[in-house]
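In the block that follows, a single chain appears as structure tokens, in the form predicted on its own.
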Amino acid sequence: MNFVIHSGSLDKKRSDCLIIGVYERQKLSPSAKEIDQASDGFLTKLLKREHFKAKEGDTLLLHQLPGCRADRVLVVGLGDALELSAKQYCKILGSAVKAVTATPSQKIVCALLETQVATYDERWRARQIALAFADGCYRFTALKSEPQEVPALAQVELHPQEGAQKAAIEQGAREGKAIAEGMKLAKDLANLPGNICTPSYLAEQALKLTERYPKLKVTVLEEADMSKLGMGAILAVSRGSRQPPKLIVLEYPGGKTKESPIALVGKGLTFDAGGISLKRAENMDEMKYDMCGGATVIGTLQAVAELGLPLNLVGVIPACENLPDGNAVKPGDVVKTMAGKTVEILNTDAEGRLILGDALTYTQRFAPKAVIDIATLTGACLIALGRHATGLLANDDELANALLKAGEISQDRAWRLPLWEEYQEQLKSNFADFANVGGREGGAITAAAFLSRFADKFSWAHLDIAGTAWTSGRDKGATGRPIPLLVQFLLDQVAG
């Protein structure tokens, strides 16, 4: 999808659809006023006739409006406030995208760029428009035997207000498109079933990125490599599967040569049946999404490479399956991690923290200035926060606050949970250094407490995306979160 800046009069522009905003009580935006004048007041008459309330996200599709060369005019309600919040603006964009993609429109003009949003400039607005339209056209149809109808939208022209900084708008649109493309890659990987998206397949897709972005370096460690490194936790989890585990390492050297990188570590369980601690059959198909953390890392690296951000970034993805088998790890087994610490595995379904523990230890070799792990780690986080916010825990307040800020700016929000020393008590074991579970109470926190034992040598944050990585029900599918949050965080590092 292409995003370009529109110039000239709106009424004289040929397009499949023109999107304009109207406030409550039929207060017209500047673009709506221009179209109303061109139509000799016919737009106002139609709004009154249709009793258009113009509440946030309301839409009204008009055809062949007199005086306007667009085939369609989509009127979007902007609500009562002349200056919207970020949440309100994104809601309005979502309604516009839904309405436009229900039409056969291929080339459109969007005048919502002129809408004022409190504390956010036109670069941010352009980014949100590009992201909303590009991501809103996403459909997963790769495995359908019959061609599926997908939105025809191919080009969006952003109509700026007079005196706008065109360079900022172009940059914002470029950022939004890159984020959307990273989300698409992550969603495609996550939506694939476990019989296709195996650890080997995930590694192959990471390697393919180097064809498009030569600056990227991808290394894949095999089972023998992990054995030499003493990665007993990853190897224990993968024992019940016939698919070999992979440790996928992506390096993006966009910054100065000796500058310490930021590291992203993503859980890559391409299917999680729970192992010997077998999950319930209900909704087990959704456990193909247990690799969304790994998909997030790949998608984020692609977005960063596409934007050419001037920073050093490393992605580490431990990828394997967790299945029951005669050779599978058993409850009560004790394994030795790469860090030399021993873990009593009381529940084989708490496997994500095991593979992440070894991956975090491996990440130390890059001397990172900050490490962020991303994982569909605990159902407890879903219970605590629902599907609205990603769980955030950290050993560094500055890093945690930067991620929270990035979540607010991107509207891909996170909520911080405590990581107090008291929670470590729940991980005590009589037979090993510590156990891999601490009981039902505070499950999302004790899982992070486990990970913190492998992150004591660097600034670290943990994002539990169990509630935000995918949606269930009729609209089941991966969301691409928290790529917008992470890319915003990285953009902030560059700007700061």
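Source: prediction; values computed, not measured. Quick note: we count residues from 1 along the sequence shown, nothing fancier.
The form predicted together with a small molecule is left out here; the points below concern that form.
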Heavy atoms within 4.5 Å of the small molecule in the predicted bound form: which of the stretches 284-292, 192-200, 144-152, 106-114 has them?
-> 284-292
Wondering, does residue 279 line up within 4.5 Å of the small molecule in the predicted bound form on heavy atoms?
-> yes
Does residue 205 make contact with the small molecule in the predicted bound form, using a 4.5 Å heavy atom cut-off?
-> no
Mark residue 349 yes when one of its heavy atoms lies within 4.5 Å of a heavy atom of the small molecule in the predicted bound form, and no otherwise.
-> yes
Should residue 272 be classed as touching the small molecule in the predicted bound form when contacts are defined as heavy atoms within 4.5 Å?
-> yes
Contact with the small molecule in the predicted bound form, heavy atom within 4.5 Å, among 129, 78, 264, 377 goes to 377
Only hit among 62, 54, 437, 455 for heavy atom within 4.5 Å of the small molecule in the predicted bound form is 437
Kindly indicate whether 234, 239 and 362 are, all three, within 4.5 angstroms of the small molecule in the predicted bound form, using heavy atoms.
-> no
